[in-house]
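First comes one chain, alone, set out as structure tokens in the form predicted on its own.
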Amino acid sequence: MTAPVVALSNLQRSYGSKPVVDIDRAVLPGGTTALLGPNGSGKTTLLEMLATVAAPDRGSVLVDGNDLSDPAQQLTVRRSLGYMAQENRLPSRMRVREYCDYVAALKEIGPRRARLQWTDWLLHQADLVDKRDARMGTLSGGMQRRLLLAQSLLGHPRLVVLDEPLVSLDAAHRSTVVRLIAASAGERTTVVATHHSDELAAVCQHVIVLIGGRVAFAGPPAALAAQADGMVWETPTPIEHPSVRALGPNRFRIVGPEPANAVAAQPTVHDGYLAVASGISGSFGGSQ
């Protein structure tokens, strides 16, 4: 079974009089799409609409041809949907294994033996198997993020929607989560909102950059990196610049005009994102 295609058309959602998401057209193909953008760019709102948590004010979201505005078609999508919200809202006194079994039951995975097999396998994959009898209120923030990712993957969902899955994780556990996101990429469509663009670039086939609720870039990661061609520099001295990043002692990186005493550097996906976000990128590298 091929991964579903998500098609957005004339999609808008506003809070008050301000549109938070305003997308004329975008296609999210099978595989993994990274959703990038500054805070307030509409990423979470878009993911909530994809996950059927929120409804658009106008326009349509089609998942494999199923229109999410139609209750029957929405139910079809929900039966094969995995969702990880941005916030860790977990019942603190419930035990980890009980919670996963509950979510698996909601996903109509049965019998109970099959649900527990799914639970134990995913807890092992998320490096949480030793916490399966712990109450969720005793878990660290990073453990809760990994648990929320594990529950979203119960039952091999065909559409997976993840909001900031790498937040609160150390480097080792970010690698664990990236591996889980990459698994079965050819069989499902995964949409991931993240600020860790370079770490996810290796496993993403597609990138969308949202700026002010609109699509500023859509295309493969390499095309996004190319938006910063000829604009990335490293210098031994810090300078006043919005994009400056300290990489180590006497090593600073910027995206923009060439500063004094700088050497050119190969652009990364994050550099391309900074170029697009600041409005200094090259030609638009993808299609909406």
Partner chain sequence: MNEIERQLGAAAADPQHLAGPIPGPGSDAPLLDRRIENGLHAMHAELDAPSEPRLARLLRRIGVPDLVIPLVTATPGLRRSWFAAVTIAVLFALSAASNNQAVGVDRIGVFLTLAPLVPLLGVALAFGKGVDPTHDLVVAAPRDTFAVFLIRATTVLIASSILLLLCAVVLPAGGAYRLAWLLPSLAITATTMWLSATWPAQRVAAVIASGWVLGVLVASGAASTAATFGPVMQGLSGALAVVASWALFRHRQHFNGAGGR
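Positions refer to the first chain, counted from 1. Predicted model only: the values in this text are computed from it and were never measured.
Beyond the structure shown, there is the form predicted together with the partner chain, which is absent from this document and is the topic of what follows.
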Per-stretch contact check against the partner chain in the model of the complex, the hit in 214-222, 77-85, 201-209, 163-171 (non-hydrogen atom, 4.5 angstroms): 77-85
Distance check, residue 151 to the partner chain in the model of the complex, heavy atom within 4.5 Å: yes
Residue 127 within 4.5 Å of the partner chain in the model of the complex, heavy atoms: no
Touches the partner chain in the model of the complex: residue 142 (any heavy atom, 4.5 Å): no
4.5 angstroms heavy atom contact with the partner chain in the model of the complex for residue 111: yes
The single option of 196, 115, 131, 158 touching the partner chain in the model of the complex, heavy atom within 4.5 Å: 115
Contacts with the partner chain in the model of the complex - residues in 14-52 whose heavy atoms fall within 4.5 Å: 51, 52
